[in-house]
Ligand SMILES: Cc1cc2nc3c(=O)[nH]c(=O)nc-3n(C[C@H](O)[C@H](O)[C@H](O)COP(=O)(O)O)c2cc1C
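The chain below stands alone, shown as structure tokens; this is the form predicted alone.
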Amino acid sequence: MRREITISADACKRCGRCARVCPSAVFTQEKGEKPVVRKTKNCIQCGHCVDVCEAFAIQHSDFPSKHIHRVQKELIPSPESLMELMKSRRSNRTITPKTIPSEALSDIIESAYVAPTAENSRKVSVTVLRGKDIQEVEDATMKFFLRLASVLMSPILRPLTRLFLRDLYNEAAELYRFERKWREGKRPCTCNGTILVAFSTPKGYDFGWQDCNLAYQNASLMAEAHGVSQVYMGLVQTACKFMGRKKTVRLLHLPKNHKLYALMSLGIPDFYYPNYSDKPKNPHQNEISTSTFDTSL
């Protein structure tokens, strides 16, 4: 389908904002004149042009008028309320079997898809897992780490593990605690989540990690706003890394030729945290990086 971008001469205010914000130089403008569409083929479908035009003067075939909305500024959270949300966000692992409301889950998924991506590539795929699919992920993760532990904690290798893999050695007790819960029918690796959300992009895509974790952050904050607990599944991701991409694709039902970059467990918590504490200060927190530029150049 051929892309069409036109500017209404009657509606255009000649402000030039479209030309200034377009990252692909689709528009050009002579001072005081109406902007001109020059390089339609360069368009990356970011929507900057139609979103910046107060007069709705731009007609873009990728963005029909019914898909362009006025920003409802009264709904945008204040800096104070957004900071409160971020400070109070917790990885609440007291997840219950209660069902996540469908509207909450829809908002969480949509928030992931509206996250920014490199060059507006929008290559992120969000995969939702439920029920037996989550159990399969739990079982595969637990069995992987138990096999690994059986080797590294064997009488022959145990002294070497203690010497050279100190962190792994110290985490062995935690692993066996997880095993007891697993054999009791619980799902400690996936935090008993009722939903798992996997974030992936096609293998070979250079910005997969960045794009997926931007999407994850959006989804995490939206989940918090809905009172849904979310936990980053680092343990499962570590197991998937060693299992290999193809097995991970099958296990998590990812699109073919995709690579996993982030995994989230969701559920309704048994209770909420009434307080938040100040985090220990990062040693770099008060540093401000500054650069001096010669503006005369």
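Please read these numbers as outputs of a predicted model, since none were measured by experiment. Position 1 is the first residue in the sequence shown; the rest follow in order.
Heads up, the form predicted in complex with the named molecule isn't pictured, but that's what we're talking about next.
In the predicted bound form, the named molecule sits within 4.5 Å of a heavy atom belonging to residue 93. Within this chain, residue 191 lines the site of the named molecule in the predicted bound form, having a heavy atom no more than 4.5 Å away. Although the partner is absent here, residue 244 sits far enough away that none of its heavy atoms falls within 4.5 Å of the named molecule in the predicted bound form. Taking non-hydrogen atoms only, residue 63 never approaches the named molecule to within 4.5 angstroms in the predicted bound form. Partner contacts here mean any heavy atom within 4.5 Å of the named molecule in the predicted bound form, and among 27-35, 49-57, 248-256, 227-235 they occur only in 227-235. A heavy atom within 4.5 Å of the named molecule in the predicted bound form is found for one listed residue only; from 20, 279, 13, 284, this is 279.
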